[in-house]
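There is one chain below, alone, in structure tokens, taken in the form predicted alone.
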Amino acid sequence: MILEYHNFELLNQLKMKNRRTFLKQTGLVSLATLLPINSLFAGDLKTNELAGNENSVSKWADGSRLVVSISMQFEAGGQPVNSESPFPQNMQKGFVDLPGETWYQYGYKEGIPRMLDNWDKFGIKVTSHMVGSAVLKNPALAKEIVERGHEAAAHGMNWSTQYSMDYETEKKFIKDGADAIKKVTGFDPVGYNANWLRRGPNTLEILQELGFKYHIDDLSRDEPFLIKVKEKDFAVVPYTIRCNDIVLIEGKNFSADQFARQVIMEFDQLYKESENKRRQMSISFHDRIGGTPQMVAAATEIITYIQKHKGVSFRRKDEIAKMAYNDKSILRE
């Protein structure tokens, strides 16, 4: 048994040595430059120079080895009365869950401001999926998100279930939410996220009709791809429930440490795969959950770890969609 253990340890050391060599030989320089808002979907994405890695293989048009995209959900303030919260769901009819309301208020009073400062600290830009009614309730915060260089994507007018809506009702629901974002922030949303990803049979046709360029309500791949909607290309930038705070922290009661560990494990595997194929990693934070002190600390640990790896770039989802449209080798379904 001692000999077997010794051999096992030697094998592990060899694997680690090989992995370090692999990273040195195939890693790409980290990319942090992001496009101005008004340049997206208006021309070709510029290819960044990759110093000292002329022979490296990349499946991303911008030269990245792996692209990471962070979502910051701006939902608090738009929730219906007595929405689900950490408190027991036993409110009597006719009464308002006042402490539950404060749990949501934390999202726009503390959560998003704290996350915004953290993104600035690391020099990364994210996609904020904004509920229209939440934007109208806290317009200054919505405007600040865009002014700090982040993407504003649509997330419906409110928390209503949209998959059961008829065509015209759903079209108005989506448009009203997007119009609220445009009115408050000046940003014209091109991306969409349905409540709990549950779009309906008409959603994609409506999005295309309204001028949207992509949606994220898809978990089927770890890379972006194009589909046909009414015989025209439409981009899919996959979302995540594996690296998602509302699923892991609220749904499965993970600790912040467990969340960070799971996300880092996901990154390690995708980074290995990205040697030979296009890989995208998504991470999702919700205002009242991801903006808590311990979760921002977890995000700090995750981003610090990721940024130590060469060839990784953080990109907004509108940028990823843009690359998908311009890349002739992009996966099509």
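A residue's number is simply how far along the shown sequence it sits, counting from 1. Only a predicted model underlies this, so the values are computations on that prediction, with no experimental measurement involved.
The form predicted together with a further copy of the same chain is left out here; the points below concern that form.
Of the residues L248, L210, V146, V229, just one reaches a further copy of the same chain in the model of the complex with a heavy atom at 4.5 Å or closer; this is L248. In the model of the complex, a further copy of the same chain lies farther than 4.5 Å from every heavy atom of D179. a further copy of the same chain is not shown here, but in the model of the complex it comes within 4.5 Å of a heavy atom of R279. a further copy of the same chain is not drawn, but in the model of the complex it has a heavy atom within 4.5 Å of L98. The closest non-hydrogen atom of R199 lies within 4.5 Å of a further copy of the same chain in the model of the complex.
Taken together, the three residues T185, F187 and H286 lack any non-hydrogen atom within 4.5 angstroms of a further copy of the same chain in the model of the complex. Contact with a further copy of the same chain, judged by heavy atoms within 4.5 Å in the model of the complex, is confined among 71-79, 147-155, 124-132, 213-221 to 213-221. Along 87-102, a non-hydrogen atom within 4.5 Å of a further copy of the same chain in the model of the complex is carried by F87, P88, N90, M91, Q92, F95, D97, L98, P99, T102, in order along the sequence.
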